[in-house]
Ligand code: 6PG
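Single chain ahead, written as structure tokens, the form predicted alone.
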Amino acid sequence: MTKSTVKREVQVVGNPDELSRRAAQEFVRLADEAIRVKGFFTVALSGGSTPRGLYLQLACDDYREQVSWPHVHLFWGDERCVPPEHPESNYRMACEALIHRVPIPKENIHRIPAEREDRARAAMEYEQTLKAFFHPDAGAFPRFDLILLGMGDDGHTASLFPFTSALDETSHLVLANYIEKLDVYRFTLTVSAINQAREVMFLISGASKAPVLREVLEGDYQPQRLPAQFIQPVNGRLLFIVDRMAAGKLRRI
């Protein structure tokens, strides 16, 4: 994949609370559109404190009633290799901030079986879950309506870390990716799977993200070092919602 020709839209808001509200508005808009067109809405959730703010916003009175939750299907873009009740589980965080607060059916929750000891088998099972739900054509990838992503200070997104083997994967949807600097495995959607989404929405907050956000958006194309640069939806929208602290080093806004 070469340097992005995808049009990236960057929306800068004042602070994390505004970011959560703006992201919630976009979630509501996309959900309403998808449900009207095809009867359901599919979203891959992200972990982290910034997405958590979105989930809490969606569960509050201002937004909860605006989404037809029985028609929403939740998936995960990445997950730590921990049981679902573990404090570090992205699934657990989403349950506490959103799922337990809205009327979404249990059968609409499609979590990664991250507690399995056989990580490769767990990744394969989740890939089969995606294929069984989306029914993609042979050789094709599922098409999520929305994939939520954050970004680390090192430019990683989902659990696609710099110089890891998952960055080179082109056939699978899900991998257990070994991250040497953390000495852990994490489950992640692959670049190819993410790039099929109708919309990819990055949520980025805080001054610590400013240097890497500038590199990702305005620097040289070095996706092995800055995996967020790999995210280029094939036929979809790429949206960055960032607060002013994170946008502080951008030359062009």
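Residue indices: 1-based, along the sequence shown. Keep in mind that this is a model prediction, so the values were computed, not measured.
The same protein also has a form predicted together with the ligand, omitted here; what follows describes it.
Peer 1: Report the stretch among 210-218, 190-198, 50-58, 22-30 that approaches the ligand in the predicted complex to within 4.5 Å, counting heavy atoms only.
Peer 2: Checking each option against the 4.5 Å cut-off leaves 50-58.
Peer 1: Taking the ligand as it sits in the predicted complex, is S46 near enough to touch it, meaning that at least one heavy atom pair lies within 4.5 angstroms?
Peer 2: Yes, S46 sits close enough to the ligand in the predicted complex that at least one of its heavy atoms falls within 4.5 Å.
Peer 1: Closest heavy atom of D78 to the ligand in the predicted complex, within 4.5 Å or not?
Peer 2: Looking in the predicted complex, residue contacts with the ligand include D78, since a heavy atom lies within 4.5 Å.
Peer 1: Is G152 part of the interface with the ligand in the predicted complex - any heavy atom within 4.5 Å?
Peer 2: Within the cut-off, so yes.
Peer 1: A158 near the ligand in the predicted complex, any heavy atom under 4.5 Å?
Peer 2: Although the ligand is absent here, A158 would touch it in the predicted complex, with heavy atoms inside 4.5 Å.
Peer 1: Quick one: which residues from 170-195 get a non-hydrogen atom within 4.5 Å of the ligand in the predicted complex?
Peer 2: The stretch 170-195, when checked against the ligand in the predicted complex, contributes only R186 at the 4.5 Å heavy-atom cut-off.
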